[in-house]
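Here's a solo chain for you in structure tokens, the form predicted on its own.
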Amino acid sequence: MTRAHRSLALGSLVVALATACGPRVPIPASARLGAEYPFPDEERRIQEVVDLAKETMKRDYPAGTPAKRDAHIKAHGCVRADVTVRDDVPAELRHGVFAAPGPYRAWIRYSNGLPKPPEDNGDNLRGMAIKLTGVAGPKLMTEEVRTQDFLLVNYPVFIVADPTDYVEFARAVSEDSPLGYFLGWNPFDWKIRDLRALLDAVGQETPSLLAASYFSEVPYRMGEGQAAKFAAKPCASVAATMPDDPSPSYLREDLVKRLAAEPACFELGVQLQKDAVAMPVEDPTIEWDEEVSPFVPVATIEIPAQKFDSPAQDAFCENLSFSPWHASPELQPLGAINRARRVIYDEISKVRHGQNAVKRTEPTGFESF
């Protein structure tokens, strides 16, 4: 049993309640595939999260000190990759970068999702942020004219459901008491299903970043009238076991060792929304059933053997910005959490780059170090 489970487990009552808890976000019975249903007072809630995030950054990174991200702070490294869209993509998935077969140069940033604990050998989420370069056509964020981002983590669902939850969770994290978000004084308000998801997510063993599968958690447009989620899964089983005594940076060490010796491969897949109620757009805490709608491979991600751990490349990695809204209109992020992320990610990136006196730029894919 992991430390997170030992410290947060509530026994059989939690398990029973978690099993019984269903969706908290009201989903209209008349919901349409690919449609969004904005929440009342959504913009104000989003601004509250932005204000909390800025306050936390100001506290954690006073003027004159290097500012970090507010999440996914610890990078294991940024690696070069080649992403090739397949020539057998089904017609209903040929949108955005998947519209035609062909290659893209890419950068992939691997990270720990939670700010605490900072060590790799603690319970944590793992992130895989993919940035395609040389992407032609109009973009949702006009200053990012040649990139397309896919933000993935090694768990299929998000842990907050709506803008109100986002505010409450952000406040609990800023006060360094995330458990208070899930378990308040009133048991009828306990967010047991979300707590169980968090425990499952951070309690996963990750022997190697190249052996894990990664998911978008939240949905995206897939052309007109369609919604989809993304996943990156290893092309083949990767032999990896947890070290007997993992170091605080064992994931980076493993990545350095593996990529020095051989390439790695992932399949990027798309899961279409088939049922607007059972597979909701507005509640990313609900997992979409892969038996109802399996992930369909649309591109191959090839990570060549390489050395990536130079100080110059680490600095480049630190200055990159990732956002689900670095995207074409055909692949627009959907749902309240994504609408919040558009504002929050952009504001935090501005604060971080401004304090660090680094210009925000997007890579070309031809960088050398």
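All residue numbers are counted from 1 along the displayed sequence. Remember, predicted model here, so these are calculated numbers, not experimental data.
One more form of this protein, predicted together with a small molecule, exists but is not displayed; see below.
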Exercise. Consider Ile301 of the chain shown here, and say whether it contacts the small molecule in the predicted bound form, taking contact as heavy atoms within 4.5 Å.
Key: no
Quiz item: So, in the predicted bound form, is Gln148 in contact with the small molecule at a 4.5 angstroms heavy atom limit?
Solution: no
Quiz item: Does any heavy atom of Trp325 come within 4.5 Å of a heavy atom of the small molecule in the predicted bound form?
Solution: no
Quiz item: Is the gap between Ile337 and the small molecule in the predicted bound form 4.5 Å or less for some heavy atom pair?
Solution: yes
Self-check item: Joint contact, Arg94, Ser213 and Val296 to the small molecule in the predicted bound form, by non-hydrogen atom at 4.5 Å
Solution: no
Practice problem: Spot the stretch among 217 to 225, 251 to 259, 237 to 245, 183 to 191 with residues whose non-hydrogen atoms come within 4.5 Å of the small molecule in the predicted bound form. | Solution: 217 to 225
Self-check item: Listed residue (Tyr166, Tyr104, Trp288, Phe98) with a non-hydrogen atom within 4.5 angstroms of the small molecule in the predicted bound form
Solution: Tyr166
Quiz prompt | in the predicted bound form, the one of Lys139, Arg109, Arg196, Arg80 near the small molecule [non-hydrogen atom within 4.5 angstroms] | solution = Arg109
